[in-house]
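Have a look below at one chain only, the form predicted on its own, in structure tokens format.
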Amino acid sequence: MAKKQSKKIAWIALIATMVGGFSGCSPKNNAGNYAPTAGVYSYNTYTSVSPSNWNALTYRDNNDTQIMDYITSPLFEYDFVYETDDDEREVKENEISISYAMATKLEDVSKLYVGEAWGVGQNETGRAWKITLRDDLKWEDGTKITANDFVYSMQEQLNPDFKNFRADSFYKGALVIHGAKDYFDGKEKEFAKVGFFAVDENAFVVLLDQPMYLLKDDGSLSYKAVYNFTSFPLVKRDLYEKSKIRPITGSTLWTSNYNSSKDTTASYGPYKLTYFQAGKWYVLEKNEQWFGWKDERYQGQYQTDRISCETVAEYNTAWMKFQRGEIDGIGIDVSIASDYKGSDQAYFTPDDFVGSVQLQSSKESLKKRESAGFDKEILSYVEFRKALSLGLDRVAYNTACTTSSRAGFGLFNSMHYYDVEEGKAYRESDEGKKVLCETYDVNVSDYGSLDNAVNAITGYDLEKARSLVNTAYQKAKSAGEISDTDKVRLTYGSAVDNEITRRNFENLNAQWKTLMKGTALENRFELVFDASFGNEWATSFRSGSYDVCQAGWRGAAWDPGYFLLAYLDPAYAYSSAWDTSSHSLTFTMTGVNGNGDVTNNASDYYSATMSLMDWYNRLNGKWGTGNLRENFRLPLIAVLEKEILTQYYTLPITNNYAASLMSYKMDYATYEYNRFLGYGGLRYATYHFDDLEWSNYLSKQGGALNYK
């Protein structure tokens, strides 16, 4: 389903749901546990890997948002804008309105908190925001939701006894809550000194260390209110307290099983979890306590009564279910693309996901997992990693392994915007284009223009790649790390073993064996497949348990500077052993001074040498007396992107572009992709058949549907 834009970033195994190959929460399945009923509309879907937890405080990967997206609600949200108000309303392309949802008012109250206690200056704005809630918010059991519930949830998000994975969303990057980091680190014991507190039953204040502007000049909501301020965590206090688990032997950290089963889950969204069997099935049904059912603004929306999702690991199995009408949508795999890409039911979705080949960054773990006659340490040589990159024909890979995705070369694609309202994408900026040319050694002057040079990039150079293999081999041999008889054996890890993951593996294996021809490693290189990692595929890779995975990131597409956190912070990065806090970079920025003041004078500049993480923090935090403006952030984003790319721990390979088939049973609101709302998802979806009508229709079709 199309999902709303998210500021958060989530691990995705190449990609999207969480297999060691491409996937996603593409539409999935219901095998008929419910009798078809007139007037009931069910959305039947499938997932290749069952979600393990949907706790907003701790979830790690995109797979776990499957359930979370349905049982939560935003404070603010986007809405489509329509051409007319009649029954045949047409969505206006790429236009949106911005509305209040759980909140009713957003106010800049910075002037009320001026002084040393909160660090707000006399004339500062955008530092403190008061959010007033609706007074009819309830949990699924009818318990009222108040401002104190948000405060409790933030306190638990930052609780130093847990070190929750999502905590840094509130003390790193653009959104830095005053005192949050000190409380998380245990330096401050009182949550009252954190800039997140209730002022009455239905209102709370968020106080920031750096300004954020969430309203337009006319006082209406900016898209940034949705992007930055809509996803404050919310957990049900009594249930969450029961879910706490004391530290196990050898650990000092508490954990929680909140939102990991039906009994531990509480909804405040349009749907509630009514059934969950790990690894098998989950079902959601309408949450009658959701505020939206009584709000005329949602009239005609959320027609779906039931969402049923079965775990189906094999694509071919899911494809048969789709043809039998048991699931309501499916991605178009390359195995069926020639017959179905031209279907009237096909639609094509751009995506902010960039799929990559991730290479192990821990030399210690590589050495530890070596066995007699088999070397892994050569992967620690940048020359070898670069050779693996230049030995990848990305166009050939995407043609063979994807239906409609395109070759990817950088950390960002055309869906990453530095100016959302004007539709300006980072990848289309001069800075973003030059990075790719420099990384892949394309001389712009040879092509007459920057655009021509970028269009000439293939990322594929066998001659240079083979030379680099030999260079790395000689260095490793001189260091006594490989012998003339050793083979290089690398493990390709995955969450599941299915047609898709095997196809991706086989393609990489074949390409890299071709790369080794004519080198010192000809007939001495092998890639082996291991699908034993399951839901722990990402954690296992980061801890050094295997050597190669296909994965990537989704989220924060409207803040490319913040998005770099996924590659620079060891808490997020696949290359977690790369010490970005000591890897230094010298950078000079012209037209701006050290105080963050833009002078537009070429003779003014700021130059410094500092670690990559320090540059990241400057990029996303205070720059002297101010914050760096977007047009001056671009050069710094670009130089950081290049530094990451040229370590070759991350080898971008795919810019995701999904091709899917929609069931005859239903329709999205639009098939013109809206960068704010996608196709509208289930919120705006409409049905041509209720469950009983659909069952009867399938019987008349002989149980087999033709989508060609």
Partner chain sequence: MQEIPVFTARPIGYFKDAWRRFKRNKASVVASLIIGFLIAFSLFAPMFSPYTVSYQDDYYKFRYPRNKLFLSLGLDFWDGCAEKTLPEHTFYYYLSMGKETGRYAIKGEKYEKFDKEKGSYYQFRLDSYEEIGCVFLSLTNGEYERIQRYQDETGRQVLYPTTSPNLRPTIDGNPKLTLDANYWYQYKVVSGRDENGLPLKQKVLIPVFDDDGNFQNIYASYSGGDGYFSRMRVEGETPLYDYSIPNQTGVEVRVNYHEYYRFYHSYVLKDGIDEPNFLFGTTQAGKDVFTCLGSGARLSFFLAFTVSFVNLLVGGIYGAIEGYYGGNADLIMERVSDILSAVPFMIVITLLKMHMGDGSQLLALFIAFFLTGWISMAKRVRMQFYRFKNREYVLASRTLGAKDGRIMLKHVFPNAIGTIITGSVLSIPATIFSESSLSYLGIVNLNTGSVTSIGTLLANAQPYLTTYPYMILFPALFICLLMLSFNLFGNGLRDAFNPSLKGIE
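Since we're looking at a predicted model, the values are computed, not measured. Positions refer to the first chain, counted from 1. Superpose the two forms; the largest set of C-alphas matching within 1.5 Å is the rigid core.
Below, we turn to the form predicted in complex with the partner chain, even though it does not appear here.
Undergrad: Select from the listed residues 344, 522, 421, 200 the one whose heavy atoms reach within 4.5 Å of the partner chain in the predicted complex.
TA: For this set of options, the contacting one is 344.
Undergrad: Name the single residue among 107, 461, 481, 209 that comes within 4.5 Å of the partner chain in the predicted complex, judging by heavy atoms.
TA: Filtering the options by heavy-atom distance leaves 461.
Undergrad: Please determine, with the chain shown alone, which of 483-491, 364-372, 526-534, 603-611 has non-hydrogen atoms within 4.5 Å of the partner chain in the predicted complex.
TA: Every other range fails; the passing one is 526-534.
Undergrad: Establish, in the predicted complex, whether 545, 579 and 634 all lie within 4.5 Å of the partner chain, using non-hydrogen atoms for the distance.
TA: None of them does, since no heavy atom lies within 4.5 Å of the partner.
Undergrad: Though only this chain appears here, would residue 667 touch the partner chain in the predicted complex if you measure heavy atom gaps against 4.5 Å?
TA: Contact check for residue 667: yes, within 4.5 Å of the partner chain in the predicted complex.
Undergrad: Answer for residue 662 alone: is it within 4.5 Å of the partner chain in the predicted complex, judged on heavy atom distances?
TA: Judged by the heavy-atom cut-off of 4.5 Å, residue 662 is in contact with the partner chain in the predicted complex.
Undergrad: Would residue 400 count as a contact of the partner chain in the predicted complex, using a 4.5 angstroms cut-off between non-hydrogen atoms?
TA: Heavy-atom contact with the partner chain at 4.5 Å: present for residue 400.
Undergrad: In the predicted complex, is there a heavy atom of the partner chain that lies within 4.5 Å of any heavy atom of residue 134, even though the partner is absent here?
TA: The answer is no: residue 134 has no heavy atom within 4.5 Å of the partner chain.
Undergrad: Between 667-696 and the partner chain in the predicted complex, list the residues on our side with a heavy atom within 4.5 Å.
TA: Those in contact are 667, 671, 672, 688.
Undergrad: 2 Å or more on the CA of residue 305 between this form and the one not shown, with the rigid core superposed, yes or no?
TA: Shift at residue 305: below 2 Å after core fit.
Undergrad: Taking the rigid core as the superposition reference, indicate whether the CA of residue 175 shifts 2 angstroms or more between this form and the one not shown.
TA: The answer is no, as the C-alpha of residue 175 shifts between this form and the one not shown by less than 2 Å after core alignment.
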